[in-house]
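Encoded as structure tokens, the following chain is the form predicted on its own, with no partner shown.
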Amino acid sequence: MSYLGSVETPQPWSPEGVQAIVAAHQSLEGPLIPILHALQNIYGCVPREAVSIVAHALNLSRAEVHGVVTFYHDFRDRPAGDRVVKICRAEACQAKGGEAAARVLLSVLGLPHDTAWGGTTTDGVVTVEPVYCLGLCAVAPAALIDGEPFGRFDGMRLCEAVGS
């Protein structure tokens, strides 16, 4: 499975499981990112409880590990929904109506659509995340739906593609 692949069924968190993942990657040059990807692949997220174990094993501070987890948008501290929708918020997509389309989807899903929009539906089915440039400007507005590019949409087409 690739580092950025999704996990079919997240495993229950355990300190021993985290230690095994760390041990399997610790000898790599620059092991932190591969460890975090492996944790997310196994658990569906990087569990908060795992941060101190990883920090201790790599002789880093918890703040350093937490900083990496929170800096990169692909890492999360809670599992995502069954479907993940990443909607571009860069200028080209905004100019082509991406923000309006996102607001329609968020409204239909019952998610907040203020300036810091995004989140997971209460039933855990859909996670919507803002991203800042997918490199798909030619088909703006653009999104990734479960990792697949989707472009030239309005709110209605976006909702249909997500199944809402």
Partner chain sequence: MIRLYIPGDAAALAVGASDVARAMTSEAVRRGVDIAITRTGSRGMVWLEPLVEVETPGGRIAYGPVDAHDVASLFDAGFLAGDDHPLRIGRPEDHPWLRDQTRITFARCGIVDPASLSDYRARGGFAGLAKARAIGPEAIIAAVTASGLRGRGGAGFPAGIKWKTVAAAAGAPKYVVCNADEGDSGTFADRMILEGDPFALIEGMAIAGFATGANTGFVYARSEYPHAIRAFGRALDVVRADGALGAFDIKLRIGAGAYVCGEETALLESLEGKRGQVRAKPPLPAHKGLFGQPTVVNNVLTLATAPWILAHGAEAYANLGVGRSRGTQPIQLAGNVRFPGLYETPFGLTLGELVMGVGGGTASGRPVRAVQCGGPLGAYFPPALFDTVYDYEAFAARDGLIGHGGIVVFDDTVDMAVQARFAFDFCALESCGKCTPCRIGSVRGAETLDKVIAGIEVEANLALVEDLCHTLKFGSLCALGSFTPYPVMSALTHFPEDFRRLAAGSETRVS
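Just so you know, these numbers come straight off a predicted model, no measurement behind them. Numbering follows the first chain given and starts at 1.
Omitted here: the form predicted in complex with the partner chain. The next part is about that form.
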Original post:
So in the model of the complex, does any heavy atom of E91 sit within 4.5 Å of the partner chain?
Top reply: yes
**OP:** Indicate whether P10 is a 4.5 Å heavy atom neighbour of the partner chain in the model of the complex.
**Re:** no
Original post:
Does the 4.5 Å heavy atom contact test between D82 and the partner chain in the model of the complex come out positive?
Top reply: no
**OP:** Mark D77 yes when one of its heavy atoms lies within 4.5 Å of a heavy atom of the partner chain in the model of the complex, and no otherwise.
**Re:** no
Original post:
Within 4.5 Å of the partner chain in the model of the complex: all of Y72, A95 and G135, by heavy atom?
Top reply: yes
Original post:
Pick from A100, A55, I33, V108: which residue has any heavy atom within 4.5 angstroms of the partner chain in the model of the complex?
Top reply: I33
Original post:
Heavy atom within 4.5 Å of the partner chain in the model of the complex: which residues of 133-164 qualify?
Top reply: C133, L134, G135, L136, C137, A138, V139, L144, G147, E148, P149, F150, G151, R152
